[in-house]
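Read the single chain below, which is given as structure tokens and is the form predicted on its own.
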Amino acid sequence: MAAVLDLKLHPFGVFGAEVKEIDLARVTHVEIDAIKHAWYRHDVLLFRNQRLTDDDLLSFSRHFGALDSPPNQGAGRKSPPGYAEVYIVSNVLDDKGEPIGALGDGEAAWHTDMSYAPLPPDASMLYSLEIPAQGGDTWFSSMKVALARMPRELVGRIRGLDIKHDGTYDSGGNARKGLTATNDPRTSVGTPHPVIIEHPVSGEPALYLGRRRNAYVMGLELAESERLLDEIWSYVDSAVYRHRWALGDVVLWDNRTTMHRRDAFNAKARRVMHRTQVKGSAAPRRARA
């Protein structure tokens, strides 16, 4: 096996790391191999001081797999003209008063991207173009650490269970375009996935929770499902990384082993991000005992 390039890494703590001195617009195949190796270990990678066109962003993103079109958020699918695989996350309005992007300026709750789908994306990538002076920080939670810090009795109880991941609402709490709002998780649109999954490359186990709203543990009475979900979700903050954005930041996260959320920010401030999303390579697989 060929040796992997030794990247200049600055770990954040329990998980996550900054990759230093890498130009993603001119990244080599050797560097890509090293980035993937680091990514499977750290789950969240930060690349600072990038100057990327949308073509550059797409080119780098495609090293990790085929790309998805933007998700169907409350504001619909928002992409730059000619770049259907780039998703604009922004609160900015155009000359007609229409949003140029999705998710606005409000808080976005903890979530896993598109976990309501049968084949959720493997990864997401976010590139900062305009940022507010304060607020808008993105938080990441390690689902591997959350699982590792659970009592053995709780892990044993949930190991064989599935959670239905609701697709009615986006992470901003808005009903997705074309869907009717509902608060009954037993009948809402969504897909069941194992509570504990196995990463398809590293083999490491992790919780797979999606969103708390309208989640449902399959086969349980609703009240029992809610109690168990509350207990599971109490471990979400076991290990978090708070990212304070700077211009030119690119953050890549593993959608299978992390969740993320966003702080609200001043509605009068401008925040523009371009995001890409790597298609799922395999459905979430139950971890082996």
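Note that residue numbering begins at 1 and tracks the sequence as displayed. Small disclaimer: the values here were computed from a predicted structure and weren't measured.
Only in words, not in the display: the form predicted together with a small molecule, which the text now covers.
Of the heavy atoms in Leu126, some are within 4.5 Å of the small molecule in the model of the complex.
With a 4.5 Å cutoff on heavy atoms, Lys164 does not count as touching the small molecule in the model of the complex; it lies far away. At a distance threshold of 4.5 angstroms between non-hydrogen atoms, Trp253 is in contact with the small molecule in the model of the complex. Not displayed here, the small molecule is approached by His111 to within 4.5 Å at the level of heavy atoms in the model of the complex. In short, of 49 to 57, 35 to 43, 216 to 224, 255 to 263 it is 255 to 263 that has heavy atoms within 4.5 Å of the small molecule in the model of the complex. By the 4.5 Å heavy atom rule, the three marked residues Thr138, Arg271 and Arg275 all count as contacting the small molecule in the model of the complex.
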